[in-house]
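Shown here is one chain on its own, the form predicted alone, set out as structure tokens.
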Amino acid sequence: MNRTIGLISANYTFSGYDTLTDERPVASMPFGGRFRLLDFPLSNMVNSRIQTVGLITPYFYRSIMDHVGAGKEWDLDRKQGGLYILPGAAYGFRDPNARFLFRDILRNQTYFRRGDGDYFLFSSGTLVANIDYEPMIAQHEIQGRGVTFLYKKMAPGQKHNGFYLELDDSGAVKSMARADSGENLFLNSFIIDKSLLLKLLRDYEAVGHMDLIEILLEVLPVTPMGSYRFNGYVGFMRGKQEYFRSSMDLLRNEIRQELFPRDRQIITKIHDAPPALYLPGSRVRNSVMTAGSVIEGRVDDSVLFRGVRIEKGASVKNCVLMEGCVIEPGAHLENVICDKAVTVTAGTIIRGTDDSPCVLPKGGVI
């Protein structure tokens, strides 16, 4: 197997997160009680034996750097290869759906030119799935096509805005177009030959405002491109509704087992904390509980992060409570996303809906 180098793009955001992304990029959004969205693509690459990973960061990169550091948890603090923090552009997004701004690639072309590899594996920073890329890399090498796109076959009637692939019988890509629904959804991850990428850097140097996917569509008629089907679970993250829905998916045992298998762990920054404490009178049902939490009240069908406190007489249902939240006595929350360090005062009742969860801003006292 020829050597593959990774590239994760975190330099984009969505408009549908309310205040959740005011101070952080989407890639550093907390997820699942103890993770960040970025942990998934980063762990997938490391678990697929990719030892060099570039991370394109946005201009407000503090939360990303605080989380990944030098990449120690992912064994990327190494002398050869390792984690490369690459600066992203602070402007120039012509398409709000862009994931791989070509200007970001141009300004970091030293990383691509000097990279000791034959292929580059690109991924968005919000691809929530547990993916073994090694078979995809092997297929790319055997087929000899310039690009291989990762895709998921969508269920009939399932809708998600994105690029959909039209494939021939051999899996070659005939066309790709943006739509609200379709059959073969591109998962914002692909492998590209280094030689092809360097050629695009030369040919498209003057159009850095474009997205790399737009450029690949332009050269598709003269460049063979293939596809690789991923059959596992994918948590979609385009706004608070999908974030909330994917968080609630973690309450299903089969989804947790698929996302967090023992032999392909999702790696994250280590935090030492005591186990969750369940005091007399507490009741917890079908919830994700994390170390450091103290429960005196009632928790149903919810995801709790580290250091959350549910005080006596308080109750939460269908909620995501991030680190350090305090729900005081008699308060009731339903269909709510609490950002970090939110305090809900005694007796307060807050209800959202499944389709539109209520978002409480970071550090707020409600």
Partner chain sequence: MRKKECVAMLLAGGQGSRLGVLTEKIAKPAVSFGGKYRMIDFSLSNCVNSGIDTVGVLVQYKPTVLNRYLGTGAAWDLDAAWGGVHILPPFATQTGGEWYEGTADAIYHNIDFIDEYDPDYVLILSGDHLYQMDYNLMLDFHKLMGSDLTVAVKTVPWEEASRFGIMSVDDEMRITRFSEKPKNPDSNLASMGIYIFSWKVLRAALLADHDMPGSEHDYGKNIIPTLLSQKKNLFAYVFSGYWKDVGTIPSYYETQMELLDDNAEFKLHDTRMHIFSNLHDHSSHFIGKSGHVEHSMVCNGCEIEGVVENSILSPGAIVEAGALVKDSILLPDSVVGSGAVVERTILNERASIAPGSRVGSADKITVVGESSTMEV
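Treat the numbers as computed from the prediction; the structure is a model and nothing was measured. Residue numbers count along the first chain shown, from 1.
Beyond what is shown, the protein has a form predicted together with the partner chain; the following relates to that form.
*Asks:* Pick from 160, 178, 72, 199: which residue has any heavy atom within 4.5 angstroms of the partner chain in the model of the complex?
*Replies:* It is 72 that has a heavy atom within 4.5 Å of the partner.
*Asks:* Of 156, 144, 221, 280, which residue is found within 4.5 angstroms of the partner chain in the model of the complex when only non-hydrogen atoms are counted?
*Replies:* For this set of options, the contacting one is 280.
*Asks:* Can you say which of 248-256, 168-176, 103-111, 221-229 gets within 4.5 Å of the partner chain in the model of the complex, counting heavy atoms only?
*Replies:* Comparing against the partner chain in the model of the complex, the contact stretch is 248-256.
*Asks:* I'd like to check something about residue 30: if you look in the model of the complex, is any of its heavy atoms closer than or equal to 4.5 Å to a heavy atom of the partner chain?
*Replies:* Residue 30: no contact with the partner chain in the model of the complex.
*Asks:* Should residue 286 be counted as a contact of the partner chain in the model of the complex, where contact means heavy atoms within 4.5 Å?
*Replies:* Although the partner chain is absent here, residue 286 would touch it in the model of the complex, with heavy atoms inside 4.5 Å.
*Asks:* Does residue 61 reach the partner chain in the model of the complex, with heavy atoms at most 4.5 Å apart?
*Replies:* Outside the cut-off, so no.
*Asks:* Can you tell me if residue 213 lies within 4.5 angstroms of the partner chain in the model of the complex, counting non-hydrogen atoms only?
*Replies:* No.
*Asks:* Heavy atoms within 4.5 Å of the partner chain in the model of the complex is the criterion; list the residues of 261-279 that meet it.
*Replies:* Heavy-atom contacts within 4.5 Å come from 262, 265, 266, 267, 268, 270, 271, 272, 273, 274, 275, 276, 277, 278, 279.
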